[in-house]
Structure formats: structure tokens, C-alpha cells
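Listed next as C-alpha cells is one chain, alone, in the form predicted alone.
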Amino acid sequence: MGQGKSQFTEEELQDYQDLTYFTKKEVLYAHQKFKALAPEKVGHNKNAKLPMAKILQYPELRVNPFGDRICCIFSSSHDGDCTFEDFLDMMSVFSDGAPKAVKAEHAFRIFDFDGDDMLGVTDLRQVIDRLTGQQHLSEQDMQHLIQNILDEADLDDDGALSFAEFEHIISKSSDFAK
């Protein structure tokens, strides 16, 4: 009873469509996915906020080495806990419909661990550590890789990547926005 009834008004769905890269149908599908993470909480409260631990159960985030960072970047409270609107923003940015520039901006924020609007050596080290997982690099290999990244992408030679430098280097990567 009432299973087919949306928790959203037509106006709310229109607003979500206008503010994301999704159709109304995709917004409803995203809400189903959000609700499936904690039906007991979301079923009766469309404004429910789920803890990051619940959000990280979403399959695509569970296997992503940056899942926690993604949650924190999209969390309106910046603690990784997400409302449906936070979750919808996240799904929208990573959807096929989102422009490459939007994806690049969010990727940069995810990789900027210290929040200084630059990808410095410490940020790059953390990105590499997460990408290599159990296959930790030796200190020498790590330093060599970071230096190669900076040699290739640090156009102003300040020892860190600005967003413009990051965007420039990923524009060369056909794999980035897939």
C-alpha cells in the first residue's frame, strides 16, 4: 500500500531536476538507492540524514579508495553524514550527464586532503597511498612518482598543483570523465 507513491511533490522533483544532471525519473531512482541504505530511517522521513558508515555501504563507494573523502566533500555538514540532497548531488556529479569540468572540480576537492586549494606533496602522497592500497611503494619510489607528477603537471614550479594545473593535466586523460 502506497509503495508507488513518491515522497516528493511534482514541484520538488522539478527543483531536483533543475539543480542536478538528472531527470525526474533518475531522481526517484537515486532516492530508491538512498532509501535502500536505511529503509527504517528514510521510509518515513525524506529529510533523513544517514551516517557515513551507511552511505559507504553503497556498492560504488564501498569499493572506492576515496569513499570516505567523497562522502565528506558532498556532506553538507562536512562530516561524511549525508542527507538525500547530499547523496543526490554526489550521484549527479558522478553521472554521465555531468560536465567534465564539474567532475574535475570535485575530484580536486576529494584529493585536496588538507583543504588548502592546492595538491601538495602530502596530498599526492595520500592519493598514491590510497590508489596503491596494499601494494605500498618504497619511500624512494614514492618520492620518484611524486616528482614525476610535479615535473609533468606543476607548470609554475611552486611544488604543488593548483586547480588550473590539475584541470590541465586531466584534460589530457581520456579516461578521466568515464
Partner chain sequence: MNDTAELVKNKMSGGERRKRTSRGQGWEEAGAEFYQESYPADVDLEVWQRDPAHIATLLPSKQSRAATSKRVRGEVKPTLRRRTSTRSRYSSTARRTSTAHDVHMAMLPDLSENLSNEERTWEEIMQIKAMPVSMMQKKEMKAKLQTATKLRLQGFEQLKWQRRKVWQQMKSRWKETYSKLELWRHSLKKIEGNFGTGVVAYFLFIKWLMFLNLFIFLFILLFIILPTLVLVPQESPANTTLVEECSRNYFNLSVDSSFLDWVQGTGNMERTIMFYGYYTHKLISEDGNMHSYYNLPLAYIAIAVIYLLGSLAVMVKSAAQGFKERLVEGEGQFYQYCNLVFGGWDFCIHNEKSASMKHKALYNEMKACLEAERLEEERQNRSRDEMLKLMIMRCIINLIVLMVLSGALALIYYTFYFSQERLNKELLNPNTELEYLYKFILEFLPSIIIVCLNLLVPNMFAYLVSFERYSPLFIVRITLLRTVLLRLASLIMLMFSLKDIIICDEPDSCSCEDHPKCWETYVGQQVYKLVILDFVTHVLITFTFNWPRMLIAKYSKSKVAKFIGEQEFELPKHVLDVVYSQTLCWLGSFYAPVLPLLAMLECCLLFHIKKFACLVNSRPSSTVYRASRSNSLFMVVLLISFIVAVLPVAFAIAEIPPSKSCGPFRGHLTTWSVVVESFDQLPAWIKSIMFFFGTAGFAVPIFVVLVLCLYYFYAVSAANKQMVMVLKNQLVLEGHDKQFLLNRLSAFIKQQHEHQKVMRQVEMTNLDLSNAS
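Computed from a predicted structure; not experimentally measured. Positions refer to the first chain, counted from 1.
Note that the form predicted together with the partner chain isn't included here; everything after this is about it.
Using a 4.5 Å cutoff between non-hydrogen atoms, residue 32 does not count as a contact of the partner chain in the predicted complex. Contact annotation for residue 65: at least one heavy atom lies within 4.5 Å of the partner chain in the predicted complex. For residue 105, a non-hydrogen atom is located within 4.5 Å of the partner chain in the predicted complex, even though that partner is not displayed. Residue contact with the partner chain in the predicted complex: residue 42 places no heavy atom within 4.5 Å of it. Taking a 4.5 Å heavy atom cutoff to the partner chain in the predicted complex, the contact residue among 36, 121, 145, 53 is 145. Shown without its partner, the chain has 118, 119, 124, 127, 128, 130, 131, 132, 133, 135, 136, 137 in segment 118 to 137 as residues with a non-hydrogen atom within 4.5 angstroms of the partner chain in the predicted complex.
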